[in-house]
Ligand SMILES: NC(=O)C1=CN([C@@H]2O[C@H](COP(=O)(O)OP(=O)(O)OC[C@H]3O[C@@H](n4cnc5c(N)ncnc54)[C@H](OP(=O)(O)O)[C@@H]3O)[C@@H](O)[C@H]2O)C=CC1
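Only one chain comes next, encoded as C-alpha cells, the form predicted alone.
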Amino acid sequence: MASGGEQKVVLITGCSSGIGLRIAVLLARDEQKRYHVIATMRDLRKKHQLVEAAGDTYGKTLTLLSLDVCSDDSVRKCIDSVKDRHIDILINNAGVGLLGPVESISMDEMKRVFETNFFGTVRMIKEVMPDMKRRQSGHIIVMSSVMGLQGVVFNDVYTASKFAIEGFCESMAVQLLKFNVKLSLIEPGPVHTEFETKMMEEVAKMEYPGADADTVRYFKDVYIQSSIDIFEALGQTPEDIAKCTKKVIESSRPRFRNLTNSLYTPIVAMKYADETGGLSVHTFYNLLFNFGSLMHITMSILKCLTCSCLRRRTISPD
C-alpha cells in the first residue's frame, strides 16, 4: 500500500460509525489530499455506512482494512499489510461503553470494556510505536473523554477505563517526546451518536439484578433524565469531534490534552481547584439528587461561565 508521495498515512480504529467514520471521511476528503486514510473496523460487513459517506474517495484516499483491537494477531496482520508498516498518524478511536449500577454488572462485562478501551489502545500503540521511534516522527491520537478527567456516576467502569488510558498516555508522552513522536488526547463530552441513543434506550428498559430498588430508581428516573438534559444542552456531533481532531493533527505544536467542549472547562477546573476532591463530589451529588429539576438552569449557568478565555483552552470545531 503506497503512502502517495507526500501523503501522510493515517490509520483509524473503529470506523464503522460515529466519530471514527466522520474522522476517516473528513481526512479522506481533504482538499489538498494530504492524507491516505486506512479506515479499520472489526467486522467488514458493517462497512456500508462508511463506504456511502466516503463516496468517490473510497479506493483512492480512503481504503478499508479489518482490525480487531482486542486481538494481537489481528492488529499485527493489519499493520503488516501496510506498505513498510509505515503509519504517520495513528488515531485510536475504537471503544465500548458501559452504563448502570455496578452491582448488576458482571466482571466479564467490566473486563470487556478494559480490553477494548484500555488494552486495545495500548496494543495499537505498541505495534506502531517502534517504527515511529526509529523514524523519530509520528503522531499518536487517543480518543479519550471528559470522563477520563472527572468521574461520572453510573459510568464507573467506563470512567475507570478512560482514567487508565489517560494515565498511560501521560506517562508515555514523556518518553515519546525524546523521540520526536507526538501524543495527543482528544477529550469530548457528550456526543450525539447512534451508539449513545441506542444505549440510553436499552438501559431504561433493562432489569438490574443485584442492585437495590433505590439505586435502580435513582439510575432510571434521575440519572437517565439528567443525562438526556445534558446531551440536549451540551452535546456535540461526531462531525464536531472530527473537525477538532483534524485541527490537532494539523497543529504545528499540538497540545497533549484537548477538551472539545468549552462548557466542560469549569467542571474540570472545579476538580483541580480542590485537592481534597470534596468540591466536585458534593457538587455532582447536589446536581443529581437535590437539584435535578433545575438541570436546564444549571446548563444555562454553565454556558454563561464559559467565557472566551475558557474557550481558548479547548479545541473548537469551528
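Because the structure is a prediction, the values reported are computed rather than measured. A residue's number is simply how far along the shown sequence it sits, counting from 1.
Heads up, the form predicted in complex with the ligand isn't pictured, but that's what we're talking about next.
Novice: Open site or blocked site for the ligand in this chain, with its pose taken in the predicted complex and fitted by superposition, and blocked meaning 3 or more ligand atoms within 2.4 Å of backbone or C-beta?
Specialist: Judged against the ligand in the predicted complex, the pocket is open.
Novice: Could you work out which of 126, 83, 135, 198 is the residue within 4.5 angstroms of the ligand in the predicted complex, going by heavy atoms?
Specialist: Among 126, 83, 135, 198, a heavy atom within 4.5 Å of the ligand in the predicted complex occurs only for 198.
Novice: Let me know the one among 42, 257, 60, 47 whose heavy atoms come within 4.5 Å of the ligand in the predicted complex, would you?
Specialist: Selected residue: 42.
Novice: Is residue 93 one of the residues lying within 4.5 Å of the ligand in the predicted complex, judged by heavy atom distances?
Specialist: Residue 93 belongs to the contact set for the ligand.
Novice: Would residue 119 sit within 4.5 Å of the ligand in the predicted complex, counting heavy atoms only?
Specialist: Output for residue 119 is no: heavy atoms all beyond 4.5 Å of the ligand.
Novice: Can you tell me if residue 70 lies within 4.5 angstroms of the ligand in the predicted complex, counting non-hydrogen atoms only?
Specialist: Yes, contact at 4.5 Å.
Novice: Although the partner isn't part of this model, could you tell me whether residue 208 comes within 4.5 Å of the ligand in the predicted complex, counting any heavy atom of the residue?
Specialist: Residue 208: no contact with the ligand in the predicted complex.
Novice: Based on heavy atom distances of 4.5 Å or less, which listed stretch (83 to 91, 126 to 134, 212 to 220, 181 to 189) is in contact with the ligand in the predicted complex?
Specialist: It is 181 to 189 that comes within 4.5 Å of the partner.
Novice: Heavy atoms within 4.5 Å of the ligand in the predicted complex is the criterion; list the residues of 217 to 253 that meet it.
Specialist: The one in contact is 231.
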